[in-house]
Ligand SMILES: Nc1ncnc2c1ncn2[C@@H]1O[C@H](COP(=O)(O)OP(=O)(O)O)[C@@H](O)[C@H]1O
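What follows is one chain in C-alpha cells, specifically the form predicted on its own.
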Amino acid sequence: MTGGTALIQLRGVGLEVLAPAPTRILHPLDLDVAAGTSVTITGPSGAGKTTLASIIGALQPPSEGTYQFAGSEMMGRSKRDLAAFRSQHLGFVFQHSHLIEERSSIANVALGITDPTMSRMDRDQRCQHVLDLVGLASLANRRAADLSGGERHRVAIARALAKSPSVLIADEPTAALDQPTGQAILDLLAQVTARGATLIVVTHDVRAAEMADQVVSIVDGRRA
C-alpha cells in the first residue's frame, strides 16, 4: 500500500445471515486502505468479494467488527446517516451501467450530482467537465440508447465522478466488455487516484490486479 493515511479501516469485519439458516458470508477480516490508492478485490464467484465492497460502500452493514472512515466510526449509524454518507463521499460504477435510455449522456451524468444548492450553470459545467475527462465531450447530447457498451460505461464513470467522491467503487466494470474496451475502462479508472480519490475495484480481471496498489483476495468468505 502506498502513501497517504488510512482512509478506510476495517477490524474484524464479517457477515453472517441468520435466515433461512445461519450462513457465514464473510469471515472476520482486517483491511486498511490508504487515501488516494487503488485496491482490487479478487476471488471466484460467490467468494464474498462483492459483499466486502458493499460493506465498504455502506450498502450492507456487517454483522460484526468495526469500520472507520477517515477516523469516524460507521457502525451503528442510521439508514439516513448512511445514505447521506454515500451521497457525500462515494461514487459507484456497476457491471451494468444503469443509464436512462431516453436521456442524453449529460442528463444521465447530472443524476450523479446530489448537491441541491448547486446552480444549473455549475451543474452543466461539472457534467461537461467529467464527460471530457472520460473522452465523451462530443457525445454529451447523444441518447444513452444510442451509445456503445464502452461509451455507456464511460458515462457511468462520469456520473460517479460528477460529485467528486472521496472513494469510487467499481463492481466488475469490465465483465461485459471485449478485451480492448475493458482495458480502456481500466486505464480510465486508474486515473481516479491521480486526481486524489481512492479506487476500489471488484473484478475477475487480472489486469486490474496488475494496476492496483493493493490486492485483496477473497476465497470462501475468507481473506486469502
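The structure presented is a predicted model; accordingly, all values stated were derived computationally and were not measured. One rule holds for the numbers: they count along the sequence shown, beginning at 1.
Not on display, but discussed next: the form predicted in complex with the named molecule.
Mapping the unseen interface onto this chain, I25 counts among the residues with a heavy atom inside 4.5 Å of the named molecule in the model of the complex. The closest heavy atom approach of V17 to the named molecule in the model of the complex falls within 4.5 Å.
Mapping the unseen interface onto this chain, T51 counts among the residues with a heavy atom inside 4.5 Å of the named molecule in the model of the complex.
Although the partner is absent here, A47 is a contact residue: one of its heavy atoms lies within 4.5 angstroms of the named molecule in the model of the complex. Shown alone, this chain has one stretch from 38-46, 162-170, 61-69, 187-195 that lies within 4.5 Å of the named molecule in the model of the complex by heavy atoms: 38-46. With contact defined as any non-hydrogen atom lying within 4.5 angstroms of the named molecule in the model of the complex, the stretch 130-149 contains no contacting residue.
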